[in-house]
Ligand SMILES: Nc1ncnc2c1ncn2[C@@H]1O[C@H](COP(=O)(O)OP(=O)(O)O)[C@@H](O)[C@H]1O
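Take a look at this single chain in structure tokens; it is the form predicted on its own.
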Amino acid sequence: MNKSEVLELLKSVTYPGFSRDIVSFGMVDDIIIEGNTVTVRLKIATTQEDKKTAIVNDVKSTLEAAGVFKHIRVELLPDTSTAQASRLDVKSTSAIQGNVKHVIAIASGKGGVGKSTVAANIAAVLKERNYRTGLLDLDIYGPSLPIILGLNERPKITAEKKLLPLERYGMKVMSFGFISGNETPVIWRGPMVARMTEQFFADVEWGDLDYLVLDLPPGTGDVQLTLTQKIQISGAIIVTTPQDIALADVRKGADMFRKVNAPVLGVVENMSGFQVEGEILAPEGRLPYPLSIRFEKNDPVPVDETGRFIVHFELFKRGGGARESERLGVPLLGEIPISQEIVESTDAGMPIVLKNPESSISAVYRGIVNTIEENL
């Protein structure tokens, strides 16, 4: 058995009171294998000795059950991470209510990049492929999903005081906007936001899901910290626009997920230019083919046999998402242009992949989901 195989075994050891394992928390500092002896070095960020003892015993019993090593040693190294220690010394009382296989976080470094639209369309494609899908809007200050999905209802409450998600397009959906109403401003301090985030995990009956898509608020604040404390994320997708000011914040968001050992699946560049689709009408219904047209300062645009064409105008600088994905060492999942179709579908309360499944933009979203499936 090698180090990577031992690490896989240790992923079954959860931190006391949490649903996350010690590997995802970054507590396994090193694994040393010498013949039939294995030494696991741990950095456990807690001041509570009973938790340290419980983890050491769980590590030993897990490795003993494998029946590979004759001698198993666990060494505790000093960990000066007081910020994480303060979080881990508080017992976690919440986990997702239900059986959820994969949790996908859709994040952004700054607001206004179209993250909620991306989250809704990714969830819609997953449901289209017959996955049991949930969509959770965690943007407490500015919930967008009620508008994007055309929902204006209050969730029902069970006899056990649990919230039942609303159903829309075959997906289970929950948003703070369903509770507060989109017209009411939220004027809360950080601890109240963190508490509400915990309730969305502990007090919502999600049932059995293949995917739960999380629409996070922008930045790296209380919601993100609570999220990484309470549950283990299968992967994160970072949404950005091409400008440098947006890309600078992307780096912070991506680095945050990596520090908490949540894999970054890739980058989506939204508002990637302006796309116009049109049609040339010939007097006799026929066009000379092959045919192309040219717009000022643009390359020639091909026209198909039916007269349809798509022209792309660069509104901002190009290639920012590609450069950032290369820096992070993750794929550029897709470039989504500004389009009148997206505006119309959003105003209609229906994701574009459902309103116009044959559009070129819908194809981009399906390509993003292809990568999610391949990685997970």
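What you see is a predicted model, and the numbers here were worked out from it, not measured in a lab. So that there is no doubt, residue numbering starts at 1 and follows the sequence shown.
FYI, the form predicted together with the named molecule isn't displayed, but the following is about it.
Partner proximity in the model of the complex, defined as non-hydrogen atoms within 4.5 angstroms of the named molecule, places exactly one of 321-329, 48-56, 64-72, 337-345 at the interface: 337-345. Residue-level contacts in the model of the complex: of G114, G253, G266, P146, one residue has a heavy atom within 4.5 Å of the named molecule, and it is G114. Of the heavy atoms in Q232, none are within 4.5 Å of the named molecule in the model of the complex.
Using a 4.5 Å cutoff between non-hydrogen atoms, N270 counts as a contact of the named molecule in the model of the complex.
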